[in-house]
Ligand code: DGL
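There is one chain below, alone, in structure tokens, taken in the form predicted alone.
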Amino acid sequence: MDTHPPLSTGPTAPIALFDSGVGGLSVLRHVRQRLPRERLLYVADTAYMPYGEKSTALIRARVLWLAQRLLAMEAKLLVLACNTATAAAVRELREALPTLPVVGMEPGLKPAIDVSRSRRVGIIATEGTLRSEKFRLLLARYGAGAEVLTRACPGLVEQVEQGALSDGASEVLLRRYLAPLQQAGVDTLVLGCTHYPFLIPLIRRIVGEEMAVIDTGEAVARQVQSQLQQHGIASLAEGVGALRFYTTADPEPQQALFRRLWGEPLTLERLPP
């Protein structure tokens, strides 16, 4: 990968977020709410979605390739809005681009343990996240003194990518994955994939209102704000910053889903080569 610094790291340059698909839109919403003046780019690597079942080597290659494209678009900060991509490649990305601020994702285990009354915490995530060294280290750091139960959830990302947020198939999958956690007395559930916040209404239907549900999107937005201030690159512009959406696949089949999940009109573009 070309490791030259970005073309522009000034306040007017955009922040870039990327994920394997639409899941990172849940993070983008938090960033937009906290930092409305910032120009934002969002990229869905739909051509290689989902990441959860891909090899670590392939995910790293995709992350570095996307970072190179976004540097060419003058991104001043990168957000890996994907737990699987962060677990597989954030260290390598920071090594390749040491002068560029990079913010990643990780399951919110610490805040979950802090709010859990029973000290029994459940984490649902992709297979890629749960098998990663980064996740093992997270458990070692924060998991002592609590019972942490994990469930890989194959198929859930694909359901969200199809817009099936409340249909019968999604409910069947979620009930299958959540049942062992409920039976074990878990009182706090960590969403370890950025696609899963779009399923919160369905999750609530299954687990009720008593169980705490932890989504780390807001924490990531705070970290982005902190990095902008630390590096002196926060936007000083008046008004709302521009927002652009890209995909590595054909945009047309995804337009309706992007608009539905984002909740506003938008134009989805093909990522420039």
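The numbering used is simple: start at 1 and walk along the sequence shown. Quantities reported herein were computed from a predicted structural model and do not represent experimental measurements.
Not pictured, yet referred to below: the form predicted in complex with the ligand.
J.: Kindly confirm or deny that G108, S116 and T188 each have some heavy atom within 4.5 angstroms of the ligand in the predicted bound form.
T.: The answer is no: none of the three residues contacts the partner (heavy atom, 4.5 Å cut-off).
J.: In the predicted bound form, is there a heavy atom of the ligand that lies within 4.5 Å of any heavy atom of G122, even though the partner is absent here?
T.: Residue-level check for G122: no, no contact with the ligand.
J.: Might V157 be said to contact the ligand in the predicted bound form, defining contact as any heavy atom within 4.5 Å?
T.: Within the cut-off, so yes.
J.: In the predicted bound form, does K76 have a heavy atom within 4.5 Å of the ligand?
T.: It does not: once the ligand is placed as it appears in the predicted bound form, K76 has no heavy atom within 4.5 Å of it.
J.: Considering only heavy atoms, tell me if V103 and the ligand come within 4.5 Å of each other in the predicted bound form.
T.: No.
J.: Sort through 174 to 182, 193 to 201, 136 to 144, 90 to 98 and report the only stretch with a non-hydrogen atom within 4.5 Å of the ligand in the predicted bound form.
T.: Looking at the other structure, the answer is 193 to 201.
J.: Going through 127 to 152 from first to last, which residues have a non-hydrogen atom within 4.5 Å of the ligand in the predicted bound form?
T.: Contacting residue: only T129.
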